[in-house]
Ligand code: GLU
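Next up is one chain by itself, shown in structure tokens, the form predicted on its own.
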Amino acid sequence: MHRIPLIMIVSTDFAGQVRGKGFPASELDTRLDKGVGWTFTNTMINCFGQIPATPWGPRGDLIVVPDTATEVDVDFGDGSVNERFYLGDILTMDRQPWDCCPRNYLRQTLKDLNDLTGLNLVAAFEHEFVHRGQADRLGDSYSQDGVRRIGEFPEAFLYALAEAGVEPETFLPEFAPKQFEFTVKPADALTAADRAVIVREIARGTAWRLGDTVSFSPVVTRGAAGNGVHLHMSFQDADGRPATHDADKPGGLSDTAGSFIAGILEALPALVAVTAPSYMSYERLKPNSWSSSVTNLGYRDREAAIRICPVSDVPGADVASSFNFEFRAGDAASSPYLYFGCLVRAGIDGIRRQLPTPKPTTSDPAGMDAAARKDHGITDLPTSMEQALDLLERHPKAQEFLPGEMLSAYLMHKRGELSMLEGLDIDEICRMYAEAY
């Protein structure tokens, strides 16, 4: 079959979905400059493909301009069409960043952080997903057989990630049936978010070529462990030296890192409306489920909202170069740019106010009395998306966290999504999100 190669220019929207437009590869030079046309309301399409509400209606024009540093061109070697796309920035017709462009939102936020502190963030997103094509076996968690049963997928997936420049690191069977986790190497913060977009698309593309599907939904099987997206972060100075660790400070965190974390945890009950932004997200954010349910900084604790990650305890080890902290109250219903950006904005607020480093927990917060919880700055996270959205809307700094038109449009988008679920039972809602993500 004769073909004209097609290239897509894509962006993520408020639903964390990747959407865009394609053009013949012969027009690449032109499209690198002019991009492709876009409309305001495209960003209001929800994860179910509907637009229950929009502040703009059919009015307004935009362009999506590709960033050449994000080119993906993967030949799977099976005769299928290449995965070929660029990530882009959404601009107004006078080529200014649009208020609701998630990628520029993160870029500007990172600039604000650097202007304030002189520091840069290094980061890596860690994903969990369910491979829906395999036949699972009782007791497959972390097993060699769990990898064997998905055949070519792991090796084809890792190859495709490497071809896309993503630098894969680990791949493993996780705790839930048919659940897997993969990690990639750290990169500068914007690149880390770009990679998070790319790896989800490459995972779907690899599975599709093998006749299977994957789902990144926060919960695919009720009663089983859900899928999280964890974000590892550390600071570097202008010369690339690590700037997160201070052995003499609480938790081993530098003053700046501690204030950054404090700002996030203080605002987190509102921010989960962005980092865990779906109905099913709150089926996952529960106590004793290996996910977060309170606003704690935990020392090597995989149920903490932010975890101080393990480093070598060997005397003389270079701790500073590997020292990092991990945000765990997020999932793939969120755009990586919005997820990351809102955390950094809250962290900036904490740095500006010089908030003290939260007292790290070393035991289960559920066993703490009220005085101990207060001493550690612990509050409960919301138990529903409706509650999270209300907390975000009422937060005194909500307009700083989601500036310009973004706040009102985002709230409208998410409430419109929830309106589509009224009257449905939980199993049907779970099925819908599993299919959408």
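Keep in mind the model is a prediction, meaning the values are calculated, not measured. Numbering starts at 1 and runs along the sequence shown.
Absent from the display: the form predicted together with glutamic acid. The rest refers to it.
Chemist: Within 4.5 angstroms, counting heavy atoms, which one of the listed stretches 290-298, 265-273, 194-202, 162-170 is next to glutamic acid in the model of the complex?
Modeler: Single hit among the candidates: 290-298.
Chemist: Under a 4.5 angstroms heavy atom criterion, identify the one residue in Lys178, His245, Arg345, His230 near glutamic acid in the model of the complex.
Modeler: Contact check passes for His230.
Chemist: Among Gly252, Pro365, Gly226, Pro360, which has any heavy atom within 4.5 Å of glutamic acid in the model of the complex?
Modeler: In short, Gly226.
Chemist: How about Arg302 - does it come within 4.5 Å of glutamic acid in the model of the complex, if we only consider non-hydrogen atoms?
Modeler: Because a heavy atom of Arg302 falls inside 4.5 Å of glutamic acid in the model of the complex, the answer is yes.
Chemist: So in the model of the complex, does any heavy atom of His131 sit within 4.5 Å of glutamic acid?
Modeler: Answer no; every heavy atom of His131 is more than 4.5 Å from glutamic acid in the model of the complex.
Chemist: If you check in the model of the complex, is Asp140 within 4.5 Å of glutamic acid, heavy atoms only?
Modeler: Outside the cut-off, so no.
Chemist: Using heavy atoms and a 4.5 Å limit, would one call Glu174 a contact residue for glutamic acid in the model of the complex?
Modeler: Heavy-atom contact with glutamic acid at 4.5 Å: present for Glu174.
Chemist: In the model of the complex, which residues of 324-339 put a heavy atom within 4.5 Å of glutamic acid?
Modeler: The one in contact is Arg328.
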